[in-house]
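The chain that follows stands alone, in the form predicted on its own, written as structure tokens.
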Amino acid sequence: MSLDPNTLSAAQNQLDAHMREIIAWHFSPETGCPFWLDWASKAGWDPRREVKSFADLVARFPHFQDEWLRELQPDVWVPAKYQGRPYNIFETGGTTGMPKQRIGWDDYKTDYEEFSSKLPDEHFPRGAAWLMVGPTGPRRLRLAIEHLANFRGSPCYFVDLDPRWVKKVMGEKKLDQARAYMDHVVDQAVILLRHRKISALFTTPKLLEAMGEKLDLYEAGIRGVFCGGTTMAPQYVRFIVEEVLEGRIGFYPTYGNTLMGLAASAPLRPEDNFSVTYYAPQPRAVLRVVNPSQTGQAVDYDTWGRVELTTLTRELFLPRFLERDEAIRRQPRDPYPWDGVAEVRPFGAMEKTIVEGVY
């Protein structure tokens, strides 16, 4: 069903207004961070005067370079208004070498409190314990999941996972080591599920499948699964929903990362045929699906393209970052009056071998 044009227009107006507020914040000496103030000085133009809409942003700003997050000291991203306030340092999850680092204060709390409204009490009972089986350590996800659980009145157990180690050994074709490590992680989760009353689970699709092989998740007390991972093709989603969760446990896949926060999935309908579509938390973040060779242009609906992220918060202005993912562009859908991204997978997945590890 098509959304009302007035609803679409209102969402676009809200995005443009929010973007102008964030541009003003990051490019004003009283509030902005050293990086963007220096960038504007060298560029020779003032975004506060020349960028009035999101379309202007796409036209005027180049792609944000991930090397800036690897090579520059974190202090260059501290807004003037946050000077003197200690910050969190979050790293990306799966890379080797020097990781991308994002600093932050409250964004992860805001992102996950908003996401909480997408989770029904039926599947995520307030006050009942959660279990996270996934990357903790320097990653934003650890604090975010615990905050989400606490926000809903719940405690949270954790089983740590080091995706960099898994990716390294799989890249070296040491599949026996990768399997042994995966078994080690899953065994820890199973022990907790057998000895503690836990009703909600966050994990990756592959770890969820492995846990489902060890025990009956519903009988163990799980009522809702909040799942994050790069690749979930329709046939795999169907396998998770019908075989692993047996249609008895709520399934809420998300697409997110340290730079964006998280995009919620629209509830699956029969006509979706298990194709999952994610919608960014606009206006705080915007996802576009663009032509890889002409990134200023969005692809047509129901067409594959590369995912481009723009993050618009007072803590982080990140324009036009090209993700290492590709997806199908989907039309707006209630309750999301903006574009969605579907069937997300690593960019170039059909042309080359991708090492995904436990995601």
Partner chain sequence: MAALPHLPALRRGKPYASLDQVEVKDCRTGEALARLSQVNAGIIRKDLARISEARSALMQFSCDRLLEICHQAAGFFLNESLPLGDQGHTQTPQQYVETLSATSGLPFVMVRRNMEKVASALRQMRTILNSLTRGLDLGILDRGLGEQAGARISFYAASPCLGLVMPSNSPGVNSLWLPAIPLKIPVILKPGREEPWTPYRIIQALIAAGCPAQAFGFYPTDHEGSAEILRGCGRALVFGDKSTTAQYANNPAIQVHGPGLSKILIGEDQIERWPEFIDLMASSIADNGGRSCINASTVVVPRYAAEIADALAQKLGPLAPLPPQDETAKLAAFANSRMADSIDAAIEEGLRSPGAVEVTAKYRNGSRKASFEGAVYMRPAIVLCDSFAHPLANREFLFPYASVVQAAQADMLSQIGPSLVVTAITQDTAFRAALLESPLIDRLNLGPISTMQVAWDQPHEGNLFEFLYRRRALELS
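Keep in mind that this is a model prediction, so the values were computed, not measured. Residue numbers count along the first chain shown, from 1.
Not pictured, yet referred to below: the form predicted in complex with the partner chain.
Partner contact region in the model of the complex: 268 to 276, out of 111 to 119, 268 to 276, 129 to 137, 154 to 162, criterion any non-hydrogen atom within 4.5 Å of the partner chain.
For the chain shown alone, residue 213 is a contact residue for the partner chain in the model of the complex, at least one non-hydrogen atom being within 4.5 angstroms. Interface membership of residue 284, defined by any non-hydrogen atom within 4.5 Å of the partner chain in the model of the complex, is ruled out. With a 4.5 Å cutoff on heavy atoms, residue 196 does not count as touching the partner chain in the model of the complex; it lies far away. Among heavy atoms of residue 209, some come within 4.5 Å of the partner chain in the model of the complex. Across the proposed site, 34, 38 and 42 without exception lack any heavy atom within 4.5 Å of the partner chain in the model of the complex. Checking 248, 184, 81, 238 for any heavy atom within 4.5 Å of the partner chain in the model of the complex turns up a single hit: 238. Site annotation in the model of the complex: the residue of 172, 75, 243, 106 reaching within 4.5 Å of the partner chain with a heavy atom is 243.
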